[in-house]
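Presented below, as structure tokens, is a lone chain in the form predicted alone.
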């Protein structure tokens, strides 16, 4: 399935300079390809159709430290392409003045397929998602007004905003739309697993990988659903609360006790590259994650019902099944995405 956008017929020339005119008419709509094994897009493409210049502007903003109060911390500081746009090896997000947060950095791949963002669903629109880290005092520590004022003072950004948007100019709406256009294009869908389910060359599974897929489908897919490998829901998976953090998860947004200790089910795409794991990054390996699901859970009122069985809490996994799952997780790595120069900083 494809959302096709062809040439942008645009007459919003910002000056009579020949180079400006050339750039403006060359601003073309980009094609957003939805893989055949994926569900439909959720993001409203018609409200903010990605264009070449909008995408390039969003990419520049994503990697620009101007978005932080220190002038150093960019979105890309915590969302590194080599680790599927997470912060590999860092338990918590951290930013200005070496301050540290309380949650692990989640991936931003395939965000156009979801309606709620961050571990607790603090926003329900992708365009608004960047406001959270920008205004977080331990991440980027800036205000939206501060960011926009810095961009207005930059002559190069003024020109790029005018070129990228028909109703041009540096303002908060265009700023957020540009970053969203960059993220909308960040689709990860070319792993060995994808080739397997689409019957493409290179998708032949080993016996262990195939066994792991079967275990996954039987014991994990109810939460890590569809080929996005998450149903986008918020669940309490039995992780013992960290008494030092006192993070109530979804309840901090909803205000409901029924959401205590519930966090968004993370996608497993590229999971072998995104350690550490869980919302608080407490596990350094996938082996530790599987051991937790086997015998590390604690009961609470909001524990997800799927993790309560007649035999007790958790997911029963023997050593062979764990080995199969670890092999399966490896085939979710999308090297094409990890090395895609469209998304790289340099």
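Computed from a predicted structure; not experimentally measured. Residue numbers count along the first chain shown, from 1.
Just so it is clear, the following notes concern the form predicted together with heme C (HEC), a form of the same protein that is not shown.
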Query raised in the report: Of the options 159, 150, 219, 198, which one has a non-hydrogen atom that comes within 4.5 Å of heme C (HEC) in the predicted bound form?
Result: 219
Report summary line: Exactly one of 213, 163, 111, 170 comes within 4.5 Å of heme C (HEC) in the predicted bound form through a heavy atom, and that residue is 111
Query raised in the report: Within 4.5 Å of heme C (HEC) in the predicted bound form, do 119, 133 and 139 each have at least one heavy atom?
Result: yes
Query - Touches heme C (HEC) in the predicted bound form: residue 264 (any heavy atom, 4.5 Å) - result: yes
Query raised in the report: Using heavy atoms and a 4.5 Å limit, would one call residue 84 a contact residue for heme C (HEC) in the predicted bound form?
Result: no
Query raised in the report: Does at least one non-hydrogen atom of residue 279 fall within 4.5 angstroms of heme C (HEC) in the predicted bound form?
Result: yes
Query - Distance check, residue 228 to heme C (HEC) in the predicted bound form, heavy atom within 4.5 Å - result: no
Query raised in the report: Among 188 to 196, 201 to 209, 69 to 77, 151 to 159, which stretch has residues with heavy atoms no more than 4.5 Å from heme C (HEC) in the predicted bound form?
Result: 69 to 77
Requested in this report: Any residue of 278 to 316 with a heavy atom within 4.5 Å of heme C (HEC) in the predicted bound form counts; write them all down in order.
Outcome: 278, 279, 286, 289, 290, 293, 304, 306, 307, 315
